[in-house]
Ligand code: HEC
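In the block that follows, a single chain appears as structure tokens, in the form predicted alone.
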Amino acid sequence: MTTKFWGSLCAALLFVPAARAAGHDEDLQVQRAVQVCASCHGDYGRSADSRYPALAGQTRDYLIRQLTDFREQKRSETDVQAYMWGISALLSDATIAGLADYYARQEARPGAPVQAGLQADGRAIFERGLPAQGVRACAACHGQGAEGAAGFPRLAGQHADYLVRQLKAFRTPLRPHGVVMKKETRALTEAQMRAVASYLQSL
């Protein structure tokens, strides 16, 4: 990451103008943080790059947990450490909550078409699970439309490649707060991961 980028990032997140006296500084911090997030996650959180998850329409509680985990260096996938650890270290609890509110109210990105066979196989796993392998239906926690519920994330419309990477990460110590997912992913083959991720991308 370049020195220029870090300089812009710090300026965006730490600079507080005279609006402090009017009580607007936290709103401004959130607005500046959103601008920084957009460089990877896209405008309004509708990421067009599968390296970065779409944030638009994500559940508030889930976003708060993930940003807090990054700030506390509890989420440690090697592909995000250099970015998310540094960025989240500058976020206060109030700014994290403001970011979660912002992205939760954005319209989610539309689903993208996928191979019909993968979509059908993935839908079966999502809706019914794989009882013979001890895998529960994904819909039981994530909602019938994969819209997310409580602390469980929205998966509908998310990049399939990103979802597969996360399913693999749950098998490792890199995502410590995925206790439920660690058990579920242990029994999935990579082909089954790809199928359910493809179905979710299509929603």
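Treat the numbers as computed from the prediction; the structure is a model and nothing was measured. Start at 1 and count along the sequence shown; that's the residue number.
Just so you know, the form predicted together with this ligand exists too; it's not on screen, but the next bit is about it.
- At a distance threshold of 4.5 angstroms between non-hydrogen atoms, Gly45 is out of contact with this ligand in the model of the complex.
- Of the heavy atoms in Ala191, none are within 4.5 Å of this ligand in the model of the complex.
- A residue is said to contact a partner when one of its heavy atoms sits within 4.5 Å of a partner heavy atom; Arg60 fails this definition for this ligand in the model of the complex, lying far away.
- At a distance threshold of 4.5 angstroms between non-hydrogen atoms, Gly151 is in contact with this ligand in the model of the complex.
- Interface residues of 42-75, taken as those with a heavy atom within 4.5 Å of this ligand in the model of the complex (partner not displayed): Arg51, Tyr52, Pro53, Leu55, Gln58, Tyr62, Leu63, Arg65, Gln66, Leu67, Phe70, Arg75, in sequence order.
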